[in-house]
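Here we start with a single chain on its own, the form predicted alone, put down as structure tokens.
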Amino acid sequence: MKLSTRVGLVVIAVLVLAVTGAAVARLAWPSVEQPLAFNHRLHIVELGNTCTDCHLYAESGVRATIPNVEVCSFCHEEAQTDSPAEAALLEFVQAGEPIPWKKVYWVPEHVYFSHRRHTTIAGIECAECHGVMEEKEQPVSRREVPLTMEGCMDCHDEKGASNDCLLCHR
């Protein structure tokens, strides 16, 4: 085989690895361990809650909020079941201590993101970014979509939204 052919094959192999590696890296978001075993399926399917019952500002605010003990105590002032997960929650509620949820979704300080703009104005369903919560029996521990500039721009392109830098970068 000629040297130029071998060099060409090496270049192609490197490009394939770079593209494949980027795709794999996108799927390999870091996972966090949450303090409570929260079951979204139970709360949505069996109990009939909606996203905004717990994530109070998902449709009206810049941030959706992660439920705090005050939100949880609306239903869990006392035990509803004999679940160990609920018993752990009640410890936080009864002590009035914040639940140390770990953030999974966030953007850098210089990036402006509004839930209201995406949910209420653009009509994007929660599942598009967060996955089908009705199927999740474990707490959210990993992102479903890439929160990168490229990921956001790709989504904006797909939705026909502007990619003007000044809309998101402040």
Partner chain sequence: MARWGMVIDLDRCNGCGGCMAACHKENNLAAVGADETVGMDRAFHWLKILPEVSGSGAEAEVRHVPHMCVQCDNPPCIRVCPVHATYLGEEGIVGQVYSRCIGCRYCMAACPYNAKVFNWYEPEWPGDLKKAANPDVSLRPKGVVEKCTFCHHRVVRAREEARAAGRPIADGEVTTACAETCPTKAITFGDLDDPDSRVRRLSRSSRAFRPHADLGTEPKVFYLAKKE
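Please read these numbers as outputs of a predicted model, since none were measured by experiment. Numbering follows the first chain given and starts at 1.
The discussion below concerns the form predicted in complex with the partner chain, not included here.
Only one segment in the set 66 to 74, 46 to 54, 126 to 134, 105 to 113 has residues whose heavy atoms sit within 4.5 Å of the partner chain in the model of the complex; it is 105 to 113. The closest non-hydrogen atom of Arg143 lies beyond 4.5 Å of the partner chain in the model of the complex.
Although the partner is absent from this view, Thr148 stays clear of the partner chain in the model of the complex, with no non-hydrogen atom inside 4.5 angstroms.
By the criterion of a heavy atom within 4.5 Å, Leu36 is excluded from the residues contacting the partner chain in the model of the complex.
Although the partner is absent here, Arg41 sits far enough away that none of its heavy atoms falls within 4.5 Å of the partner chain in the model of the complex. Residues are counted as partner-facing when one of their heavy atoms sits within 4.5 Å of the partner chain in the model of the complex; in 112 to 138 these are Tyr112, Arg116, Arg117, Ile121, Ala122, in sequence order.
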